[in-house]
Structures are given as C-alpha cells and as structure tokens.
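Listed next as structure tokens is one chain, alone, in the form predicted alone.
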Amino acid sequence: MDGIHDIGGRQGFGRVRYTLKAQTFHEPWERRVNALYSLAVKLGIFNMDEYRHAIERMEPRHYLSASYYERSLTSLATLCVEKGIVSQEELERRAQGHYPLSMPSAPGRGNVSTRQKLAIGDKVTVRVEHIPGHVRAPGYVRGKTGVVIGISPAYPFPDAHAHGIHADDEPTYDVRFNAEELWPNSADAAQVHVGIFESYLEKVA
C-alpha cells in the first residue's frame, strides 16, 4: 500500500540523523513491548507481515509523531484487538483514556499469475502497481529497471501472508539498480541493491 511509512528514497526530508552506538532501548516499557510482540509471533497470534502491515495502517499523523517502539506497541495492540485477545474498551480502561489503534486493513492478494522464474544476469523492471494491502517493494524502485545479481530461498509472499490468504512461497531476487536511474540528476554514480519478491518483477526482453 502507498502510505506515510514508505518514504525511503524521497527528497525533501533533509539529512538522515543517526547516532553512533545508539542505545537499543531508552525506557523499560520499550523492552516489554519488544518482548511482547516477539512472544505473540512465537505463539502464532500473528506473523511478521501482519505486524508490519499494522504499522503501515497507522494514521499518518500518529505514525510521524510516534517513536519506533510506540509504532510497535500500536501494531501489537491493534492486532490483539483484531484477533480477539483484548478489547479496545479494556485497553482504554487500563490506559485511562483514548487508545489509538491502526486503521482497518484493506484486502490482500495472492501471487501474480504472470510471474516468471528469473536467473542471475536477467534485466528486470519493478511492476508499477498500487496495491491497497501489504507490499514489500519500496516505492522508490517502482517502474525502475535493474539487474538480478543474486537469488534467495523462497519465503511466504507478504502480500498474502499479511492477510491470511493462501499463496505459494516466492524467492526474493537481489536486484542491482544504478542510483542515477532511481534519482535522475540527483544522485552520485553508485549502485543500490534491493531484495524484491518474484511477483513484483517483470523480465525485460
């Protein structure tokens, strides 16, 4: 889905701020949130694609103002409500106020019927698609052309896995793009590698 979460590679956000040797956790509650969502995945309450999609579904202003672990907490709470583990009323009683959850999920999809097996050296283009559900192809490579330089084992197809839809597992391809192809007139002569699922790619003849 197109959303505020997919801003990688876009201009106008200034320099990326980072801290060397930054702390993983800053408050005790962050450790608990991290442990709880990991436990939920281990117990099979939800999977990682569902978890990621629930973060993507956050209201944009909430997403932008939230910290990393607040997004994790919102995803965890949303999925626990949707799975019937807890009610929103119970959450708000415990929080003593409004408890924001993610917006409802859109439908997912199965594998693309016209997908092709690819080989190292194949020239490929990322499909130009606007999918309402969960997608793992970053927006900045949509419609761009690159070369397959590696192949990873098959994994659950995220567009289906995040929505409980049956689909075949798919390999991901390590696709090499020229930075100048991704950002014309705005990039150094460099290469960018992106892992992309099979259904997102079309072979260039």
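In this text, the rigid core denotes the largest set of C-alpha atoms whose superposition between the two forms falls within 1.5 Å. Treat the numbers as computed from the prediction; the structure is a model and nothing was measured. All residue numbers refer to positions in the sequence shown, first residue = 1.
One more form of this protein exists, namely the form predicted together with a further copy of the same chain; it is left out here, but the text below deals with it.
a further copy of the same chain is not drawn, but in the model of the complex it has a heavy atom within 4.5 Å of Ile4.
Taking the partner from elsewhere, Ile165 is found to have every heavy atom lying beyond 4.5 Å of a further copy of the same chain in the model of the complex. Interface membership of Gly143, defined by any non-hydrogen atom within 4.5 Å of a further copy of the same chain in the model of the complex, is ruled out. Contact annotation for His130: at least one heavy atom lies within 4.5 Å of a further copy of the same chain in the model of the complex. Residues of 169-188 placing a heavy atom within 4.5 Å of a further copy of the same chain in the model of the complex, in sequence order: Leu182, Trp183, Pro184, Ser186. With a cut-off of 2 Å and the rigid core superposed, Asn185 has a Cα displacement that falls short of the cut-off between this form and the one not shown. Superposed on the core, the two forms differ at Gln11: its CA moves 2 Å or more between this form and the one not shown. Compared with the form shown here, the C-alpha atoms of Gly143 and Val16 sit at least 3 Å farther apart in the model of the complex.
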